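Let's start with one chain on its own, the form predicted alone, as structure tokens.
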């Protein structure tokens, strides 16, 4: 198993940090580690749930900065949980949270207005981040070493590592960089046909939208083509949609709405509180929604039943993460004091992310041979390095960049890329002041490196 996001380059950064070097950790989408403040409403509600006695303290203190809405939310959640944060929940997660997730999905997709298929709370599992859901699905889909999962290249290495751990086959399909990292049905067909010649049994296709590491956002046409492809081949779709709030200037289209008319296509959709505007990576909250599960061979069970047994073995996901999922999908009312502050904080975070991405992209224009394709989405930029010295690759470049500037990135080879190309991924999360300090150093480093 390989996982470049925490591989040799960030390990070298940790060594340098021990010596007193200033390190800027742009190798991973970890917003709060780089200064993004937690949302006030989330922490107000969590603080009361962790220490319920605070309710009386807040109510009796006229100087308290905890809004009444947070207290109302906390009291409602306490009543629904019944047993408090320190107890196990249902194996799938608390029902009232799964109901809130289903309502969020239906609002997002305008399901009622468009007469689509409503989300079912019984088909939602609360997970310790989206990663746990992805690993559980792949573990169940791969039966033997000839079972394959199609993944995009470049891809988030969770998928390649998990497929390898489960003993299956990784089947690559390549995104079109020059066209903005989109995918085409022709590319999917070529990838599938090649796997067939190797006797690989394709079980599912992974789609990351918005993309990691590319940041690309797929349009509705692309998503519909993927659903059509999955329908024709009789395979499932694993839709990694954890960056669905990080779209900035383009619209997010979910896979859930695209399978309304395709009940023959099994869909596993993933979301998380780690990304978007929440940035609650350490609390490990997420959900998995499943749709169109077929009956398993020689049994009346569906994948839902198997996933439930798998969740039962783990007892439940952590309850703090579950609460954060509830708050993510059920924010405070916009007309309340808490709601107005919450929306202001959310807008500020998303605006700053967009601005920081623009600052970095402008710096690329000062670097000879650096191209960055596609619209900005997710939390990353994935520029192509066209002018590396002979015998040097993107790993060498990223390691030298770290040693020279303290900037920690991930080389493109860690995500997969077309042979003969070189890239790096940078998370645009540090404060503007840090970027304005380090980017001129990167420009100077680049000039010296490509001319060395």
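A quick note: this is a predicted structure, and the numbers were derived from the prediction, not measured. Positions refer to the first chain, counted from 1.
Not pictured, yet referred to below: the form predicted together with another copy of the chain.
Participant: With the partner left out of view, is residue 282 within 4.5 angstroms of another copy of the chain in the model of the complex by any non-hydrogen atom?
Facilitator: So residue 282 counts as contacting another copy of the chain.
Participant: Is residue 6 close enough to another copy of the chain in the model of the complex to count, meaning some heavy atom within 4.5 Å?
Facilitator: Yes, residue 6 lies within 4.5 Å of another copy of the chain in the model of the complex.
Participant: Is there a heavy atom of residue 401 no more than 4.5 Å from a heavy atom of another copy of the chain in the model of the complex?
Facilitator: Result no; residue 401 lies far from another copy of the chain in the model of the complex.
Participant: Check whether residue 187 has any heavy atom within 4.5 Å of a heavy atom of another copy of the chain in the model of the complex, and answer yes or no.
Facilitator: Looking in the model of the complex, residue contacts with another copy of the chain do not include residue 187, since no heavy atom lies within 4.5 Å.
Participant: Going by heavy atom distances of 4.5 angstroms or less, which of 334, 193, 87, 179 would be at the interface with another copy of the chain in the model of the complex?
Facilitator: Comparing distances to another copy of the chain in the model of the complex, the residue within 4.5 Å is 87.
Participant: Quick one: of 343, 201, 318, 219, which gets a non-hydrogen atom within 4.5 angstroms of another copy of the chain in the model of the complex?
Facilitator: Only one listed residue qualifies here, and that residue is 318.
Participant: Taking the partner as it appears in the model of the complex, which of 221 to 229, 193 to 201, 255 to 263, 89 to 97 has residues with heavy atoms within 4.5 Å of another copy of the chain?
Facilitator: The contacting stretch here is 89 to 97.
Participant: In the model of the complex, does every one of 136, 139 and 161 come within 4.5 Å of another copy of the chain, counting any heavy atom?
Facilitator: Yes, all three are in contact.
Participant: Out of 92 to 131, which residues reach within 4.5 Å of another copy of the chain in the model of the complex, heavy atoms considered?
Facilitator: The stretch touches the partner through 128, 131.
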